[in-house]
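One chain comes next, on its own, written out as structure tokens in the form predicted alone.
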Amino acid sequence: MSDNQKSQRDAAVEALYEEAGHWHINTGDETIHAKRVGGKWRTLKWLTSSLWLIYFLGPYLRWGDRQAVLFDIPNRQFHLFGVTILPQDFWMLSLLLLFFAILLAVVTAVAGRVWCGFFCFQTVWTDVYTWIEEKLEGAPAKRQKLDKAPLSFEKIRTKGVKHLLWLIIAFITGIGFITWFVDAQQFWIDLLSFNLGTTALITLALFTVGTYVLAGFLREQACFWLCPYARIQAVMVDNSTAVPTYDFHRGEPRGRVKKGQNEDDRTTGDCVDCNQCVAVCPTGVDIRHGQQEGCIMCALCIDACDIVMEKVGRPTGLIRYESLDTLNGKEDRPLLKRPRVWIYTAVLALSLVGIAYGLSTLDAIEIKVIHDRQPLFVVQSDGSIQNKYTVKILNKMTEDMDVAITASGLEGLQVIGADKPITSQHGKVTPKTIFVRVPPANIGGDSMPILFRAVGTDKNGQPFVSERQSVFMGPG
């Protein structure tokens, strides 16, 4: 290393040590003002956070004459582009929830709390709030100084602008949530005309206050005290899970860089004890103490450490994504040899197969046939045997549909009460009472199968068919 490089290194290290005096482990008794540094993990964090734009923009995507994705709870309908899911098909929602729950377990088993560090709404909104705070109030040291400063016009103005922006984001967050459950266009009309319903107003207020308090004030304390995931992650992570890890073999013993010292002469590890990994941590933990409950595995400490290692002329990767087994020199167990990964993957596959089957077998109309038990059959004046049925037609379309009901299975069968098509209301169950008569000569027992068939036609002339097996009861 040349003298010029040494002087540059010494100047950089001196600045780091001067800043390091401001950082310590936060035990929750003060607001954490994390330092922001650039790097590949910070860039990745912004990219993953941007996925939440779908939350805000998704409700404005249209599909034909309606909202593409709409969870219409009052009418008990879920519209997903061209598919309408009614309560009878909610078993698919259970499979979807199971899929995401197991997916979370798989990701945690492989790479730790990736959800917490890169995708969780609490993490993302807190990151945006603190970014605004830094732009208005300055670096962490300035923010801490401002917090402790007496009230002044400048402090009130700066804090006021910050809290106003926080409230606007919280308000938009509430709007984003509501518009997934009501038509977004109609919502804005009602909002601008001050005609929102009580439920919408209460929901909007709860989300606004909740977002403002959680992201603006509780911040990392929500991860510590409110989120159960931090406490159950221990059962999902093992020694072969790759997580942000401090390489203590390489870093210890820690020692500060001495001015003018040659790298060949030092007797310490690579960690220069600059506390930058603590400074950038949004929850204020020290990664050098091993895995802790407060670590959300955002990997920002990796960026901070790599920057310092480059400044002092040492290899990067002192903090890196690594499993404990690999760090300790044990043979790393491949993913294919981890039983839990196989089990999780099997459950994921079954969930996806179930959801795909459900979506592929969704019918536009569906009928159920209920046989009247009192009486089982009636003998008519002409000797024919009559059974009474209640046919329930479920119309899953977004418009009313005329449905024709027929039955077959016995010779000479007559359907009474279904001479004209039945108007089935969209999104609802339409009941219809019909009678089936069969000549006595064609009855070969006390219970015979018959098939009911419903044929509906939409406004474009496309037919939709649903069939249901039932029984015809006779005197035997």
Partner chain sequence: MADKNPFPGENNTGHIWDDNLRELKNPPPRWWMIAFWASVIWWIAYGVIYPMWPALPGSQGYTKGVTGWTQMKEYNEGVAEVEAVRAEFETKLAGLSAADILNDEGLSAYTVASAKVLFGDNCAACHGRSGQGGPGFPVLVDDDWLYGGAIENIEQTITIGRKGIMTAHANVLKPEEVDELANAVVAGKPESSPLFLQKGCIACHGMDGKGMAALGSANLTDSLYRFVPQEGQSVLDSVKYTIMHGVNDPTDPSTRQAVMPAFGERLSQDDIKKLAVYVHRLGGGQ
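Residue numbers count along the first chain shown, from 1. So that the term is clear: the rigid core is the largest set of C-alpha atoms that superpose within 1.5 Å between two forms. The model shown is predicted, which means the values in this text are computed figures rather than measured ones.
Only in words, not in the display: the form predicted in complex with its partner chain, which the text now covers.
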Contact with its partner chain in the model of the complex, heavy atom within 4.5 Å, among Ser360, Ser193, Ser381, Thr267 goes to Ser381
The one option of Lys35, Arg42, Arg437, Lys428 with any heavy atom within 4.5 Å of its partner chain in the model of the complex is Arg437
Even though the partner isn't displayed, in the model of the complex is Pro87 close enough to its partner chain, meaning a heavy atom within 4.5 Å? no
Discussion item. Contact with its partner chain in the model of the complex for Gln386, defined as at least one heavy atom pair within 4.5 Å: yes or no?
Written reply: yes
Notebook entry, point to check: Does Gly290 reach its partner chain in the model of the complex if we count a contact as any heavy atom within 4.5 Å?
Noted result: no
Is Gln374 near its partner chain? Define near as a heavy atom within 4.5 Å, in the model of the complex.
yes
Which of 406 to 414, 62 to 70, 428 to 436, 443 to 451 lies within 4.5 Å of its partner chain in the model of the complex, heavy atoms considered? The stretch 428 to 436
Check your understanding: Taking the rigid core as the reference frame, is the Cα of Ala418 displaced by 2 Å or more between the shown form and the other one?
Key -> yes
Discussion item. With a threshold of 2 Å on the C-alpha, tell me if Pro431 counts as moved between the shown form and the other one once the core is superposed.
Written reply: yes
Checklist line | Post core alignment: Ser152 C-alpha displaced by 2 Å or more between the shown form and the other one | finding: no
